[in-house]
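Next comes just one chain, in structure tokens: the form predicted on its own.
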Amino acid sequence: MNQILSNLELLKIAPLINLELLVNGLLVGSIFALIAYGMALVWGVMDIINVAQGAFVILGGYAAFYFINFASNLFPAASPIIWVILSIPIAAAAVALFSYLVFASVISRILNRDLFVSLLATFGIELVLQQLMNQVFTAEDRIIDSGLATISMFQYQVNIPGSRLLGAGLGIATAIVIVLIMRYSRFGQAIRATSQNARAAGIMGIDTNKIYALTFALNGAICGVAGSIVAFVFIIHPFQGVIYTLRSFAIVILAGLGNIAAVILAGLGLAIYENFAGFIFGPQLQNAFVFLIVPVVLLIRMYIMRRQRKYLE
């Protein structure tokens, strides 16, 4: 308790610490929002809650990690940042292909089934993927060295890791590409039509099963990009995916489906909340506050829905 009070007092007497926590939270929040948007995409189009979302992210991190190791050994003189950038499309393609195979073998069989069935199926995928990664990659923590230095301001009172700046930039760039695809490409238009009314889309000549498969693969590509960013901003571990699934679930519940602006704001808010909670209560309890926020978000969402229902009545 004394430590918590000391940390609160430190925030009061050293306001620049608040600035550092806020900026770092905003940078990390862009990564959280990217992962959550992938979950919202699958949920909105296919009515499936992908509990394996976090495992796909970690798989993308491993794809980037081993690609960078392989490329660095072939060309040791090259700058690490080159391989970090090139690992993004490699990880995206690898996880997209894996997601397509998962759809063909499992997800396609549970379409139009009860939501609880999708929870069980994707939870099973999560467990299997965790164990496979543990056996293949071992349980050792892995991290990619981006080679970027920490940026210090205000006489070293505010420190921003260069890897987080790069991760936020890549996350924002990916989000822009996704928005352009969804708004202006025929594929994006087909996704939006299928999400609004799959039967009507089918009557209009859209192959909805193909759209479902490509949507799930697109989510895999998003997870691959996010995983490669996570690998050089944080660490990757076979059993770490669940925390990213919970974050994504909380963000989507709070923001709603199909609203990318709300997803971004919710992702930024969650990351800032985590940063301050981790500083005040200790980094060992930071993830615990992610678990705590999920029921709180559900209660808030239920309250909002109840108010909307009363307003309509």
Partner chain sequence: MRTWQTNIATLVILVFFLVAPFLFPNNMSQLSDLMIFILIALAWDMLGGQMGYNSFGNVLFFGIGMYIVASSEVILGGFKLAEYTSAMGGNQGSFILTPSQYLIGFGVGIALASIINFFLGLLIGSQFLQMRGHYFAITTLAIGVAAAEVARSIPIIGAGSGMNFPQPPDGVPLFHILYYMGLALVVLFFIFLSWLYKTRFGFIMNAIRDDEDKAESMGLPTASIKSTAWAISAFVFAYAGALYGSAKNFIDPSEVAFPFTTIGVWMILMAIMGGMGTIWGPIIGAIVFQIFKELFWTYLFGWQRVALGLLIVIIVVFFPDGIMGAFNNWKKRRNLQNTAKAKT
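Positions refer to the first chain, counted from 1. Here, rigid core means the biggest group of C-alpha atoms that superpose within 1.5 Å across both forms. Keep in mind that this is a model prediction, so the values were computed, not measured.
Not pictured, yet referred to below: the form predicted in complex with the partner chain.
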> Would Phe116 count as touching the partner chain in the predicted complex under a 4.5 Å heavy atom rule?
Replying inline: yes
> Does any heavy atom of Gly124 come within 4.5 Å of a heavy atom of the partner chain in the predicted complex?
Replying inline: yes
> Counting only non-hydrogen atoms and a 4.5 angstroms cut-off, does Val242 reach the partner chain in the predicted complex?
Replying inline: yes
> Is there a heavy atom of Gln131 lying 4.5 Å or less from a heavy atom of the partner chain in the predicted complex?
Replying inline: yes
>> Quick check on this chain: which one of Ile81, Ile235, Ala71, Val106 has a heavy atom within 4.5 Å of the partner chain in the predicted complex?
In response: Val106
> Pick from Leu165, Ile181, Ile110, Leu97: which residue has any heavy atom within 4.5 angstroms of the partner chain in the predicted complex?
Replying inline: Ile110
> Can you pick the stretch from 52-60, 262-270, 277-285, 25-33 whose heavy atoms fall within 4.5 Å of the partner chain in the predicted complex?
Replying inline: 277-285
>> Under the 4.5 Å heavy atom criterion, name the residues of 287-305 that approach the partner chain in the predicted complex, in sequence order.
In response: Asn287, Ala288, Phe291, Leu292, Val294, Pro295, Leu298, Leu299, Met302, Tyr303
> Does Phe281 count as moved between this form and the one not shown, where moved means a C-alpha shift of 2 angstroms or more after fitting the rigid core?
Replying inline: yes
> If you line up the core, does Leu19 shift 2 angstroms or more at its C-alpha between this form and the one not shown?
Replying inline: no
